[in-house]
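In structure tokens, one chain follows: the form predicted alone.
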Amino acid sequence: MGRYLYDGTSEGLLSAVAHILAGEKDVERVTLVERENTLFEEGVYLATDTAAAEEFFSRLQNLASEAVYTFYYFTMAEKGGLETSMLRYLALALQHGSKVNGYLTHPSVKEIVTVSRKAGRELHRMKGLLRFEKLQDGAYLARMEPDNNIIHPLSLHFSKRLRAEDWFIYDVRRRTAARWHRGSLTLGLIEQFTAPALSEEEKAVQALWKTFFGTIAIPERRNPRLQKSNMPMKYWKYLTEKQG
């Protein structure tokens, strides 16, 4: 059984998959893992080849566009130890095209699709649950603690919908932030973060929103289970209507 190592990046993963598929006849007998740089680590290290990664990605787009989205969401999940499953998933994608996501009887396909869909669902959910608060300087801040690393696609989404405003999205768990300022989007790490003061206007708006949220509720139609399904409790921490 062949054992291969890669550098842990998305580009390195695609590059390694391209190399393995070009040289191995049976990927079911191959394993692919992230390099740990230990003294007695076994396996063949495959250095990242940017050109090979781009070529493979383009090929995948042409043959199995659905698999491209699956790979994209998978990278947001930050799930280690699934590289071998991804290798086998992509090999099947090249054979069967976008139909590959329907082959859930294959363990690798089921594993990759399950992880990918969870990340995709969270990204979609946060587009509606993210709350921006107006600060004293006029900018807006939204904080979140998602399970998946979705800040990049989420910030791209809001860069199209809040183009006229200055805003930040802060991922508390990963200490990363996205900033939209004067039509430009930047992402980076934040070592220390202190929540800035809210504007008086924002405080008033939040108070009104809480009152509205409480007033429109119909006691006889309360359905806590459905509410938690649509708005899971793990997101309530930064929802204005759930504070206090």
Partner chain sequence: METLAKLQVLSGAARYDASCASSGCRREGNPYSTGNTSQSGICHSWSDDGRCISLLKILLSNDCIYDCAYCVNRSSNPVERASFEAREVVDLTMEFYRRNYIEGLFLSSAVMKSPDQTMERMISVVETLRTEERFRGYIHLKIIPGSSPELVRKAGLHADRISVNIELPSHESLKRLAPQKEKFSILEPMSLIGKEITESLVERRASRKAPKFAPAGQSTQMIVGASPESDFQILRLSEGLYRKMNLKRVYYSAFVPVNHDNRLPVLAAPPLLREHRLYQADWLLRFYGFTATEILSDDMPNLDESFDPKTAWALRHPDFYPVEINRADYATLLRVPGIGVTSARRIIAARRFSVITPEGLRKIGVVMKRAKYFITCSGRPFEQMERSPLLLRNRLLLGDGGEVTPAAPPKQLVLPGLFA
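Residue numbers count along the first chain shown, from 1. Predicted model only: the values in this text are computed from it and were never measured.
As for the form predicted together with the partner chain, it is not shown, yet the points below apply to it.
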Just one stretch in 52-60, 25-33, 194-202, 38-46 has heavy atoms within 4.5 Å of the partner chain in the model of the complex, so which one is it?
194-202
Hey, in the model of the complex, does Met231 get a heavy atom within 4.5 angstroms of the partner chain?
yes
With the cut-off set at 4.5 Å between non-hydrogen atoms, does Arg131 touch the partner chain in the model of the complex?
yes
Evaluate Glu241 for contact with the partner chain in the model of the complex, applying a 4.5 angstroms cut-off between non-hydrogen atoms, and reply yes or no.
yes
Quick one: does Leu156 come within 4.5 Å of the partner chain in the model of the complex, counting heavy atoms only?
no
Of 99-122, which residues get within 4.5 Å of the partner chain in the model of the complex if you count heavy atoms?
Lys99, Val100, Gly102, Tyr103, Leu104, Thr105, Pro107, Lys110, Arg117
